[in-house]
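There is one chain below, alone, in structure tokens, taken in the form predicted on its own.
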Amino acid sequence: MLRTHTCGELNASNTGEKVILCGWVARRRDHGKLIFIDLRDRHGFTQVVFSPRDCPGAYDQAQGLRSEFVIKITGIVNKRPQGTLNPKLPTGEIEILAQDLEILNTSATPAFEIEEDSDIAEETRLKYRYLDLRRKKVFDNFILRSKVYRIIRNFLDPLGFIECETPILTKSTPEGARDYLVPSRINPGYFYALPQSPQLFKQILMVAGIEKYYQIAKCFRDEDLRADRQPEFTQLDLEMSFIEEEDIFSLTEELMKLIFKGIKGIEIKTPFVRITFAQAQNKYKSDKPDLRKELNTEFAFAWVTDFPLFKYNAQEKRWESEHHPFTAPHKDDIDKLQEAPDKVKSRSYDLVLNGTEIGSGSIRIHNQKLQEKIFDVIGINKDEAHKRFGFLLEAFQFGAPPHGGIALGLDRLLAVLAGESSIREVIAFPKTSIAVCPLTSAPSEVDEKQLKELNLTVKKGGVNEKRR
């Protein structure tokens, strides 16, 4: 290791020790006979003093230091003189008297000051995200994200869940939003799609006998963006066999308790409030009610249940699935499928937190004949069903168990935990509201050779004016 300690761990108990620190120059102050710098790494700040009397070589070098230079310091830990202590810092009672300075790398002048209270335009922050992430407030969101992932895995693994990845390059099976399509070079004229969710694969895993599956999954949807949407996002995907709604509710509630206890130190009350879709609409005019005032739990969870199985598309004059076509109807409503589809309730449920939907799931259809009835109602004939979902329907012929699950939107949950109004603040490299990455300038044009290899031609024009 280049260093003996981090910039956040030294204190008075280390007085007199010779140490080596590495990091970035956060601030430089020239007091005439002494030069002070605040050295920063991900762990914190340490003050370093350069004295022409004690170490003239290091002092001379320090005169050329600038903001964000990467340096290595060798020196002795000293107690700060009385009246100069900084109680705001864990290292605020000590400083390093520099004996040697090595400049590991220089830095251009940053596009903005790396300060907590800097007022910076979002697009500038995202363009220079590597600088933005050096700010503690921003960086802490990703420490939080890592902690939440660890809590999830530590909770699910002892319960017998198997973490299993599903394909990113898959078949286009539209699930309510536009697919992102990827052309196949080897199979000209054919396309992969990026998954909107692992929905079909996790159901196949249940047919395979996995019984308890989870995945921290990347999902992709080509839809209009806002503060709580991104073209790519992360969800905790869960699926279990031989269960009912109560099993999903109790498991999810216990996980939320652990996350909020571990991250916020807050005891979340369970069971969560349950309210039907009809009750939510009648009382709150929303299927995502914010119950904070009514419940007095800063964080108010609620399950919204009994959604309609179908919704009517007036423009196309046909019924559509409210969630997705694999959601099971209530057993008592199966007889209404043909004659009164508007009366059929689904075995689906949403988890709402402070007026934001952070999870959605259902008990699935595992019977092929019932699945065919659902397809019939929404106007998908056998040929179309086979074309779109044939691999799942075929799997259902080989002993599919009853199963269900839930997908929790981790970006939305993390934004709530971090006190952020936008999920962009908890995603390392997010896109803007027009689905552009300012850091890499994606999406971008590709050269003619690549297009020819994919047997594609591009219609010129149509450049988004906001990108000019």
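Numbering starts at 1 and runs along the sequence shown. For clarity, every value in this text was computed on a predicted model and none was experimentally measured.
One more form of this protein exists, namely the form predicted in complex with a further copy of the same chain; it is left out here, but the text below deals with it.
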Inset, instruction - Mind telling me which stretch in 352 to 360, 194 to 202, 258 to 266, 82 to 90 gets its heavy atoms within 4.5 Å of a further copy of the same chain in the predicted complex? - result: 194 to 202
Inset, instruction - Report whether the minimum heavy atom distance between Lys18 and a further copy of the same chain in the predicted complex is within 4.5 Å. - result: no
Inset, instruction - Please check if Ala278 has a heavy atom lying within 4.5 Å of any heavy atom of a further copy of the same chain in the predicted complex. - result: no
Inset, instruction - Classify Pro231 as contacting or not contacting a further copy of the same chain in the predicted complex by the rule of any non-hydrogen atom within 4.5 angstroms, answering yes or no. - result: yes
Legend entry - Non-hydrogen atom contact Leu34 with a further copy of the same chain in the predicted complex at 4.5 angstroms: no
Inset, instruction - Determine the residues of 64 to 100 with a heavy atom within 4.5 Å of a further copy of the same chain in the predicted complex and present them in sequence order; the list may be empty. - result: Glu68, Val70
